[in-house]
Each structure stands twice: as structure tokens, then as C-alpha cells.
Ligand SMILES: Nc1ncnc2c1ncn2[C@@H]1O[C@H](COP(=O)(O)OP(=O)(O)O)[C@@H](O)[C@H]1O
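One chain is shown next in C-alpha cells, namely the form predicted alone.
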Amino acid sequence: MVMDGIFKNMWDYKFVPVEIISRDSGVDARKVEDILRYLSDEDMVEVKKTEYLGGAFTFFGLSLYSLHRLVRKDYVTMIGERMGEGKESVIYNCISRWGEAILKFHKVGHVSFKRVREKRDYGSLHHTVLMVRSARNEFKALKKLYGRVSVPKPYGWEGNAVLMELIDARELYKVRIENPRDVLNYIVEEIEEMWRIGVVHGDLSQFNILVNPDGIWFIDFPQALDLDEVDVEIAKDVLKRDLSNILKYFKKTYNIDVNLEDVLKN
């Protein structure tokens, strides 16, 4: 209940005051303080005393809380091994209502948050709000694209966790493909289809395209742009960057030279 109180109010306070947590959880304020200190000892909550005593999630605490919400909804029944970890996420395999799946915990640190906050008004909010926003953005993009573009099927989202289909494939940069021109053409066609749907990946490269003998998939959409929500000129600039990344990779790796402007004309 205390963690529910933090989650409910994390967009309004950098450190949610004890009195607010008490009000929303129905737990006595003194008991809330004791619980916060216990959670702090377990590295699940960061407690800070300013003009008031308040608490905020750590990445570990937010991830456990998000997992708990997915379990409570009967979306996840078992979590398995950690499959990978980067600067912005930690990925586990799991057993879900839909069978074996991927559970991705978004992890955006202080540096990333500071850089994004320069472009968007987050006031003085705690950096964990961006973890939630990042997960929500990816889930929203996958929902919009699935069925028309080759992306993992999204199953659920809670907090900083996104539950999605497990794709048994390897990153493009780890594979030497036999038909690179066909693959490049397909990737460009899929990027064009994303644009028609109203989504720009925002961080596309050889590191977030998966391939296997059965197909190609696009992953990692936390920075995706929705054309209904952003200026179209900004979206075009990001689209150019995505396409440029892909064309440079195929030129360097397979000596396939395709002009960016020619692609953009189509």
C-alpha cells in the first residue's frame, strides 16, 4: 500500500511526502515512516528529508513494484534468467499468460534524465518518472505498429516494465546475411510503413533489428515519436537520422551504396 502511494503521486512530487502516502494508503504516518526506512534498507526506496520527509523509488524498487502489478493481473507467472542489460533497460525471460515471453524493465539514469529534461518540462520530478514514461512510450508504439510492421507482440505494461513476445533471433550486426540488398530494401519498406502508420523509431540502427531465417523484427521503441503528438518537421529529421544509420551500416558492411535523398523521395 505504501508503494502504491508513492507510485500514484510520483508525477507530482520528486519525493512523495509521508502525509500524502499515508492519506492514499490508509497507513498511519508513523508506520509509513518505518516502512519507508525498511524499504530504503532494502534499496527499494530512496528516502530524503528536506522541508518534509518523503520517498521515491529506486530502479530496483520500481521494477519490483511493476513486476508485482503484472503478477497481480495474472500476466506473469514466473520470471527467469536475465537475458541482457544495457544503459536503458534490463531484460529477463519469463513465463506469461501467453507462454514464454520477454520482460523489459526500463532503466533511465540521472544523465539520460538530465539530457531529456533540457528538451521537455519535467520540473523537479524524480528521474524514475522517465523510466515509466519510457516504458509507456514503447508499449504504445508497439501496440500501434503490431500487425502492420514486424515488431514483437506487446502483451502488457505496468510502471517501467513492458511484457512482450519473445523473438528467437540475433541482432543484425551479429549476423552475416547472404542477401543484404533484399534485407536493406525490406528494412526501408518497413520504416516507410511505420511513417504511414504515424510512428518514427527514433533510435534505429543495426543494434535493434533482429534477424533469423524466418524474418526481421524491429525492437527498442522507448524513443519512438508519434506523428499525432510531435511537429512533423522534427519527426522528419529523426526519420532521416534513422535511415542514415541503416544506410551507413549497409555501405560499411556490405558495400551497398544507397543515397539517402533518393530513399526519402519514395
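Here the structure is a predicted model, which means the values were calculated and not measured. From 1 onward, residues are counted along the sequence shown.
There is another form of the same protein, the form predicted together with the named molecule; it is not shown, and what comes next is about it.
- Stretch-level contact analysis of 22-30, 63-71, 45-53, 200-208 against the named molecule in the predicted complex, using heavy atoms and a 4.5 Å limit, identifies 200-208.
- Although the partner is absent from this view, V132 stays clear of the named molecule in the predicted complex, with no non-hydrogen atom inside 4.5 angstroms.
- Though the partner is left out of this view, K104 does reach within 4.5 Å of the named molecule in the predicted complex, counting heavy atoms only.
- In the predicted complex, no heavy atom of S96 sits within 4.5 Å of the named molecule.
- Looking at P152, you'd find a heavy atom of it within 4.5 angstroms of the named molecule in the predicted complex.
- When the named molecule is considered in the predicted complex, only one residue from I79, I177, I91, V188 comes within 4.5 Å through any heavy atom, namely I91.
- Although the named molecule is not shown here, in the predicted complex the stretch 154-187 places heavy atoms of M164, E165, L166, I167, E171 within 4.5 Å of it, in sequence order.
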